[in-house]
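Take a look at this one chain, the form predicted on its own, written out in structure tokens.
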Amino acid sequence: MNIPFKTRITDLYGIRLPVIASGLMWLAEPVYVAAVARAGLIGFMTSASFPDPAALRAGIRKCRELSEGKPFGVNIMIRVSRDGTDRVTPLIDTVIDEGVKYVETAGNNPEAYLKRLKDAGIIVLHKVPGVRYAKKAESLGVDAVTVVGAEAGGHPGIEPVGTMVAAAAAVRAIRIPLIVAGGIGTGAQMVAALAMGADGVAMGTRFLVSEEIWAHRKYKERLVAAGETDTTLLLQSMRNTQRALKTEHVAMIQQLEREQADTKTLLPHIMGPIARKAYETGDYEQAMLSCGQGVVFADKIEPLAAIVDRLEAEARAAMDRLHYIYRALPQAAAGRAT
């Protein structure tokens, strides 16, 4: 395998570029994740997108079949359901039983489930919205962490910190392999993260316009037309900050928050099935759809492999620029001395 960039993350997963395709609620299913694998990256199917463990099991088997022996994983949200049902353990039972080698955890502290995963030989990547959470995850024994910056789609934390600052701070604090995320959608940004000391980057929004994502083309065309200011933060009142595409539905939720609506009033408008329906129909204005500021880089609907090829070309060009600048420094110094 041609490995143009070698880091602890490419070694950990056996991938050719240090890029993780994080779990995408409703969208990270077998066809997409397998396309990520075939392109030389690693992606994670979102277990919460499946109606039950049996459906997840079928999804894992389909993804394994389509991945042509390349690595893939499963994203498991660590959470307490509102009715008290333990929905995490059955998912972990399934991934262990199916021999999944890689898991991405997110949400709450994974400590209660970590020993079972590790005893099964599973590599665990935990995604967090801040450095202090990354340090905690490291102390628990996860294999790698993803630190998410404020520019990210989804949940950047209750006190979002910009990706450049979060990445630089995490590099100083974390010793295990470190992935940074939030607004990253180009190969040049990947090189910048590596230069700061990270081992890789995670992308989500950038891949939403890939042909393998099953969502309606009308939704993807909206993303292609979007700029870096077409997302917004909401749900701060619930201490569950989310970055989403600006839509009529999102504006309505923000108005409710300004009116100090309680959680019971907000919940019907933020339930997952609303987003799934919008992906199916293309009526994006009537939903809250996670989207990062990196949507500005999602400029064309094309195969996932073509996006990855562009990322690599951008990264190589960035490395060439750095090499030229570094090589020119002694000459510039000599010129100033004469």
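Quick note: we count residues from 1 along the sequence shown, nothing fancier. Keep in mind that what you see is a predicted model, and the values were worked out from it rather than measured.
Below: the form predicted in complex with a small molecule, not depicted.
_Location of the small molecule contact in the predicted complex, chosen stretch of 64-72, 299-307, 25-33, 266-274 [non-hydrogen atom, 4.5 Å]_ = Result for this chain: 25-33.
*asked:* So, G200 and the small molecule: in the predicted complex, are they within 4.5 Å at any heavy atom pair?
replied: Looking in the predicted complex, residue contacts with the small molecule do not include G200, since no heavy atom lies within 4.5 Å.
*According to a 4.5 angstroms non-hydrogen atom cut-off, is Y284 in contact with the small molecule in the predicted complex?*
Close contact is absent here: in the predicted complex, Y284 is far from the small molecule, nothing within 4.5 Å, heavy atoms only.
_4.5 Å heavy atom contact, L41 and the small molecule in the predicted complex_ = No - in the predicted complex, heavy atoms of L41 and the small molecule never come within 4.5 Å of each other.
*According to a 4.5 angstroms non-hydrogen atom cut-off, is G187 in contact with the small molecule in the predicted complex?*
Contact with the small molecule, no.
_Going by heavy atom distances of 4.5 angstroms or less, which of P110, P160, P177, G154 would be at the interface with the small molecule in the predicted complex?_
By the 4.5 Å heavy-atom cutoff, the listed residue in contact is G154.
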